[in-house]
Ligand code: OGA
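Read the single chain below, which is given as structure tokens and is the form predicted alone.
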Amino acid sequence: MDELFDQLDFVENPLYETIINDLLEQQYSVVDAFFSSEEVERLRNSLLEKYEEDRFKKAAIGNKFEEQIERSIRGDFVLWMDEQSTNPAEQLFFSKINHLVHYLNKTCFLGILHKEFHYALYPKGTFYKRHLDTFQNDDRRKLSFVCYLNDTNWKNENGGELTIYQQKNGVEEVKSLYPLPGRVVIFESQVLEHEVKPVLASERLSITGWLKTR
């Protein structure tokens, strides 16, 4: 994929530059226009179709070497995405992700070589307690990426916000980001602790993933 992009003239991307500046200044970035409303709807329909086919599994904690299900820590259901076997909506999703990865590697030398993404559905009453997106035996995750696929009727009162915790000058700062449809949040996996607050109504839909080094 990088070879394909290298054949194209490199053009500065204002949106990507904003993401980079945000990461440098505050270790996270919030983008409300990464995907169009039509693209979000197509991805939401893809998620719901696969969920109705009973293809999702109860989410676990830990990586594949020490995976365990712990309902007191997280309550979502997930379906891992395979880039080699995708529908048109997912092809577009990965195309945009690959373009972003290439841009980050070319401008910031991040060395991102791998990625992993899954659909996530949080039923009413579920949550994910405070944690870091890294493991004791695997620290390859560089950036965490969340794209919210809730419908246009989603309200803040539904809960399910992403809460980020930062240490600044010895003081903890707390930032809550609501899962508005189409919103993308990117943050440093090994730095920022975060949690998903309880979903109070409806279902919370997203694609969650990680950009990884070697």
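Quick note: we count residues from 1 along the sequence shown, nothing fancier. No experiment lies behind these values; they were computed from the predicted model shown.
One more form of this protein exists, namely the form predicted together with this ligand; it is left out here, but the text below deals with it.
Within this chain, residue 90 is remote from the site of this ligand in the model of the complex, having no heavy atom within 4.5 Å. Within 4.5 Å of some heavy atom of this ligand in the model of the complex lies at least one heavy atom of residue 131.
Using a 4.5 Å cutoff between non-hydrogen atoms, residue 149 does not count as a contact of this ligand in the model of the complex. Put simply, residue 140 is far from this ligand in the model of the complex: not one heavy atom of it is within 4.5 Å. Partner contact region in the model of the complex: 140-148, out of 80-88, 93-101, 108-116, 140-148, criterion any non-hydrogen atom within 4.5 Å of this ligand. Contact annotation for 177-204: residues with any non-hydrogen atom within 4.5 angstroms of this ligand in the model of the complex are 194, 196, 204, listed in sequence order.
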